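In structure tokens, one chain follows: the form predicted alone.
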Amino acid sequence: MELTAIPRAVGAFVLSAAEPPRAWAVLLSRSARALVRRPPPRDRLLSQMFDIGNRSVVFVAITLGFLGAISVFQGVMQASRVLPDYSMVGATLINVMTREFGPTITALMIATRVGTGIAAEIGSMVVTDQVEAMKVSNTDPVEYLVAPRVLACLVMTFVLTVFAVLVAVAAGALVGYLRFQIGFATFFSMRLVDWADLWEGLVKCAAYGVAIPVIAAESGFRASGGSEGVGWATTRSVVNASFAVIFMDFIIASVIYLVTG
């Protein structure tokens, strides 16, 4: 009896772990079909872009600005222990921000601020039977609630990432100039950035921009039990979206490294 209990427990764990990715894939395919069949109205799309992008600008700017400044300070302090040559500090920061920190940290910020809002709004609609009312009135909840957010988040993730990289590099350059006397001409060097770095950053932006609203919406659709269920939906959204960003970061970076060498 005990020998059969272990395989059953393992099988139940595997099935439960595979259920969220399956639900995300189904919701993503339905959203893609909705976008192809009927693009969202312009006013609704612009409203979602404003909510995702404009209202995240300050949050992203402060986070990435401090990250750029700290990275330069710590990088110079570590470099000074080996060789007091700071000429590569700026080039290294630009490379790291372009392919890694810019897209990934920005996506984590979006998952924290935007993902919770999507999950809370959809979860509230679910527990108050508004989603069921949409179905009764022959309105597809995915087409109305999810598809515009997916497209808006995809676009604004690119915009916010570019903005975040610029802010981080500018903050790093300011710290390098004021604290370590690194000239701006030396700091703003693109010698370590090639097309593979740009492609990696772009692919990550696309993956994160699609995954975050889908995961957040799926968490909202699974809400139940009133306000407590909405709270659990927002928590689930942050945890799942953050984990997905980290996992995709590893997978994309590994694949591009294998392809480009």
Partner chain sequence: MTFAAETRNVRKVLSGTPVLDGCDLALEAGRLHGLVGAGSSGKTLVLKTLATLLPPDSGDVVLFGEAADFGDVGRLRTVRARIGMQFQNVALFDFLDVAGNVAFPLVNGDVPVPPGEVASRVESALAAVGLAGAGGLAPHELSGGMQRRVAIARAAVTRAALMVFDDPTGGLDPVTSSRIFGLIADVQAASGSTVVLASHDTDRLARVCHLFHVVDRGRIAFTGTLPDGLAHADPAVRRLLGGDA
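Because the structure is predicted, anything quoted here is derived from the model rather than measured. Positions refer to the first chain, counted from 1.
Not on display, but discussed next: the form predicted in complex with its partner chain.
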{"query": "Check all three, Val127, Thr139 and Tyr144, heavy atom within 4.5 Å of its partner chain in the predicted complex", "finding": "yes"}
{"query": "Stretch in contact in the predicted complex with its partner chain, which is absent here, among 186 to 194, 84 to 92, 156 to 164, 130 to 138 (heavy atoms within 4.5 Å)", "finding": "130 to 138"}
{"query": "Any non-hydrogen atom of Arg55 within 4.5 angstroms of its partner chain in the predicted complex", "finding": "no"}
{"query": "Residues in 213 to 227 with any heavy atom within 4.5 Å of its partner chain in the predicted complex", "finding": "none"}
